[in-house]
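To begin, one chain is listed below as structure tokens, in the form predicted on its own.
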């Protein structure tokens, strides 16, 4: 793990790093010196590790929860190079949607492909970050919606260090088998008028989760209109299960 830069603002220390060819960012309390809970955040499609919604939530998790937060760029996003295979698939899918195919199954197939790379990458990131003295090997949470949900479900299913997860804005098509292996507490977010993920697919994914403790938060609005108040619920959820 190689740190590139370090800055501090409003009590939050931000450290940009690379782990091999994976660019990432770690946020911690400015005065952090001991083990604390860690939240891994997965960004949405077309976004990056410091997208506004990721940055805002990360700062709240640090300042209000005392957590460490880490996010990395998903392949072909942010500071990572384009992947020719992904570009080819996206162009093919665009043509198929224009010809009348449904979007959701195509998105699911693409997410399953990317997850084969991101699951081992994210586990390696956890390994490296938890070796740092100001983070340590404390409990781990995961937050990810949209693409962050599609990649997060197989990650949470595979990673035993994760004790609680916030997921949502995703469907069951590529995730049913992995969802059935998730037993940790889950808070699941659905936008009732989601134009990208059919409501039935979202509800089916929630139903597929094997967690004994899972809550469904359904709000009116489209895919990108997640209400701001859900952040407060997420803070309480992580405080309860990680704090």
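Just so you know, these numbers come straight off a predicted model, no measurement behind them. Numbering follows the first chain given and starts at 1.
Keep in mind that the form predicted together with a further copy of the same chain is not shown, yet the notes after this line are about it.
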Note to self: Quick check on residue 212: any heavy atom within 4.5 Å of a further copy of the same chain in the predicted bound form?
What the structure shows: yes
Notebook entry, point to check: Is there a heavy atom of residue 199 no more than 4.5 Å from a heavy atom of a further copy of the same chain in the predicted bound form?
Noted result: yes
Margin query: My question is simply whether residue 11 lines the interface with a further copy of the same chain in the predicted bound form - judged by any non-hydrogen atom within 4.5 Å.
Written below: no
Item checked: 4.5 Å heavy atom contact, residue 217 and a further copy of the same chain in the predicted bound form -> yes
Check: Among 207, 30, 53, 64, which has at least one heavy atom within 4.5 Å of a further copy of the same chain in the predicted bound form?
Finding: 207
Checklist line | in the predicted bound form, segment of 35 to 43, 55 to 63, 22 to 30, 199 to 207 with a heavy atom within 4.5 Å of a further copy of the same chain | finding: 199 to 207
Margin query: Please determine whether each residue of 192, 230 and 240 possesses a non-hydrogen atom within 4.5 angstroms of a further copy of the same chain in the predicted bound form.
Written below: yes
Notebook entry, point to check: Quick one: which residues from 117 to 140 get a non-hydrogen atom within 4.5 Å of a further copy of the same chain in the predicted bound form?
Noted result: none
